[in-house]
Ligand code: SAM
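To begin, one chain is listed below as structure tokens, in the form predicted alone.
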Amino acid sequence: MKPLPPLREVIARHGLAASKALGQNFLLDEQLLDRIARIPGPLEGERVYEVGPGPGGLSRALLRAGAEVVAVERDRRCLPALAEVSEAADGRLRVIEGDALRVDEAAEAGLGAHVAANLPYNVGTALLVRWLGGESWPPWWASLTLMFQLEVAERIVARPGTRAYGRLSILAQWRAEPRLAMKVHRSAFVPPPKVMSAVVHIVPAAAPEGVRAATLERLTAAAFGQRRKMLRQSLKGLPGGIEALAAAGIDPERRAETLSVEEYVRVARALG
């Protein structure tokens, strides 16, 4: 890449005060951004899909790693700064102005692209659920490297029997492998958020046979909707739920947070 001015200078020159309404918190530490860009592995010649690049800090790191980047940004104030990054990278950054929740990612980034993003806090979980959901598997993405609030990151990787374990844990773990790659202190952001953050890395795994995503979603919604109650009570309103517990060999007096991901898969398979 051709030399670029420091991110703080770019932000000041373009008047890019972070928007609370858009959930923006900018990362400016180049070394930290380079560390995040290394999490997916070698990116030379790889395609990366980025959501909410803002002034382009992570975009720069991904481009320095050799990637071709497709970025979606709804804040048009950031577009001139991103255009400068694209020019410095000889066009390896393509920016789409729009709402990430409305973009066809597979069509824009292509199958096998990596996703890397300092996700805006107000849409992060919704995008993750979208990327992990659906019946089609393997997904269009090769890996997800995503910044979340630490509390959300801990829910994604939580183990059974912990307070953080719930629907998001099962959604992320039943056919993918998530790990907490690194924690990021609030002081690394401008402006500093009120909470700590963390980067989660997720890669697809083999999907269990005979299980539909929609069935698992209904099962976990019922189970964790009343997580303090025994399963025989919380699954009473789910047709076939109690029978599926018996078929899977699960004690109906257990509570939702005690079942492993594999046990939920067994119950979902019995539900059919």
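Residue numbers run from 1 along the displayed sequence. Not measured: the values here are computed from a predicted model.
The same protein also exists as the form predicted together with ligand SAM; that form is not shown, yet it is the one meant from here on.
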query	finding
Among the candidates Leu63, Leu231, Leu216, Val51, the residue which, in the model of the complex, approaches ligand SAM to within 4.5 Å (heavy atoms)	Val51
One residue of Glu154, Glu84, Asp75, Glu105 in contact with ligand SAM, assessed in the model of the complex (non-hydrogen atom, 4.5 angstroms)	Asp75
Heavy atom of Leu238 within 4.5 Å of ligand SAM in the model of the complex	no
Contact label in the model of the complex: Pro120 to ligand SAM, heavy atom within 4.5 Å	yes
Distance check, Ala248 to ligand SAM in the model of the complex, heavy atom within 4.5 Å	no
Contact label in the model of the complex: Pro80 to ligand SAM, heavy atom within 4.5 Å	no
Residue stretch of 23-31, 204-212, 219-227, 39-47 approaching ligand SAM in the model of the complex, non-hydrogen atom distance within 4.5 Å	23-31
In the model of the complex, residues of 92-114 near ligand SAM [heavy atom within 4.5 Å]	Gly98, Asp99, Ala100
